[in-house]
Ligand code: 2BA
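One chain is shown next in structure tokens, namely the form predicted on its own.
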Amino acid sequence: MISLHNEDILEVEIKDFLIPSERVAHVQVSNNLEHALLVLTKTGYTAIPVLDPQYKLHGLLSTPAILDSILGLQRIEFEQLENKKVHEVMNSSIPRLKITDRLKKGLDLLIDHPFICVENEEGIFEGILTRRTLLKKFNQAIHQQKKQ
């Protein structure tokens, strides 16, 4: 439990707020876009991490990026979904956090993003830090403080 009285709250390591990698939907760099779109659609997410077989983080893939990649001049070229690979469409220029980073850095990044991917020092995907998780923790701390 976090305490709002604690002046060091922003210095807490983000690993305490992480949704672990085992619980995060993802795609592989070599998957085709048809598979990726199915994963995105089934999970209801608009973006998911892209990993390699060793679970190294390579970027994010979003539904808009997939759709943009199959837009032709006259129509949406759905047949391209089977031929194009995730690595051709993914965004590799994403904000990232290290597992040892502090909450303050995560808060700064979550202002502009609904979630931030977290990796270890070797670039292995550890999980995500979400706005929702952080807001829930702060909400719990506020209500706990009111009870005391």
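Just so we're clear, the structure is a prediction, and the values are computed from it rather than from any experiment. So that there is no doubt, residue numbering starts at 1 and follows the sequence shown.
This next part talks about the form predicted in complex with the named molecule, which is not shown.
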Only one of T43, T100, Q54, N83 comes within 4.5 Å of the named molecule in the predicted complex by heavy atoms, so just point that one out. T43
Specify the contacting stretch among 63 to 71, 109 to 117, 87 to 95, 28 to 36, defined as having any heavy atom within 4.5 Å of the named molecule in the predicted complex. 109 to 117
Even though the partner isn't displayed, in the predicted complex is I19 close enough to the named molecule, meaning a heavy atom within 4.5 Å? yes
Non-hydrogen atom contact K136 with the named molecule in the predicted complex at 4.5 angstroms: no
Evaluate K15 for contact with the named molecule in the predicted complex, applying a 4.5 angstroms cut-off between non-hydrogen atoms, and reply yes or no. no
